[in-house]
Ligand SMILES: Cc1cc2nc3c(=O)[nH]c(=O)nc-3n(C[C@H](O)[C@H](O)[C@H](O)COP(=O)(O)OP(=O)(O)OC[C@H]3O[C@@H](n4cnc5c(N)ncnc54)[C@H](O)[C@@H]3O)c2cc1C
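Shown next as structure tokens: one chain only, the form predicted on its own.
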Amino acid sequence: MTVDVLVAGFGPVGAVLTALLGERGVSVLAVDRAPGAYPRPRAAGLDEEVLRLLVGLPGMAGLLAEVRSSRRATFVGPDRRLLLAAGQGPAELGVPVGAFIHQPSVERALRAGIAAIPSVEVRLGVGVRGLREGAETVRVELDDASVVEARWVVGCDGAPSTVRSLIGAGYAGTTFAQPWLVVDVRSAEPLPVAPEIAFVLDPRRPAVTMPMPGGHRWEWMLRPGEDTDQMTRPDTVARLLAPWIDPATVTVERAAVYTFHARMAGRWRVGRVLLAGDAAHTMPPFAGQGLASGVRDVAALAWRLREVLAGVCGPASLDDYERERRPQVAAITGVEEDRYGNWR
């Protein structure tokens, strides 16, 4: 089998890249070891730049009807008394300035749209095992022992990226000693919580709360010495929710503890292999910029790949992709790089 582009990883970033290429007639094979989309929400918010891109993709025309628009952010004290409210201003791109999403629903709609693109094939339950670059293609060995010849390979396979490891790109950076408990609840009825993002400025336990389609999310910072397994127990989650809502009236969709990272691959392109999304960089997820940065990556990469495949530009133009995206990712993450690409 020979394709123009093999996309390793079919999470939201890999799926967006697949759609951007496939809708322009590029032959794409997307592979992912997972048998389906991740069933629980992770990213909760998107900004207007990313929303505008997504609504133009196959299967995504109804996206804006499914999100909850964000109009302002609030900062409250430990007693939830309002300290500051920051409005987000008018929308200028034809979509909300920001919106809260239910990620599994967004991914299902996007995958359904991709399934209708003739030039795209998706294989789930199989991942990349080996890469061998030739003069015109990359020989890709998959987990099921099949072999694919691809003119270009893009690793969108997340922070533990196999593709990044195979090209020896490195992944320097920092892990923050600030684990957070994230709890998502579903409710058929409106909850007695303000429908806006709120930052709880409580020195005893900082928290963030925000609406989601069909539910709500809370995030609490763990205190030193707290056990992660204990914090995700139903009784602990119910105790933390009780000051806000009656825990018996909701269904807990997810309760998980996350540790944040800020890491960057040493190179985003090695020959005919490129990296995007968490395979190229990770950052703390605040303000939804983890997913948003990955979508911006593939938006910057897709049109360049199309022009190279069409012979409009030479392969060297793909180096501009990293030159465009890397400084913005570093700025959002709040780190500096020296001339050797080391973060500090």
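Please read these numbers as outputs of a predicted model, since none were measured by experiment. In this text, residue numbers run from 1 along the sequence as written.
If you look for the form predicted together with the ligand, you will not find it shown, but the lines that follow are about it.
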Residue-level question: is residue 275 within 4.5 Å of the ligand in the predicted complex, judged on heavy atoms?
no
Though only this chain appears here, would residue 22 touch the ligand in the predicted complex if you measure heavy atom gaps against 4.5 Å?
no
Contact between residue 150 and the ligand in the predicted complex at 4.5 Å, heavy atoms?
no
Whether residue 70 contacts the ligand in the predicted complex should be assessed with a 4.5 Å heavy atom distance threshold; does it?
no
One residue of 51, 31, 28, 305 in contact with the ligand, assessed in the predicted complex (non-hydrogen atom, 4.5 angstroms)
31
Heavy atom within 4.5 Å of the ligand in the predicted complex - residue from 264, 128, 106, 167:
128
Options 187 to 195, 154 to 162, 87 to 95, 201 to 209; stretch whose heavy atom lies within 4.5 Å of the ligand in the predicted complex
154 to 162
Since the partner isn't included here, can you check whether the ligand sits close to all of 12, 43 and 46 in the predicted complex (heavy atom within 4.5 Å for each)?
yes
Within 290 to 304, the residues having any heavy atom within 4.5 Å of the ligand in the predicted complex are 290, 291, 292
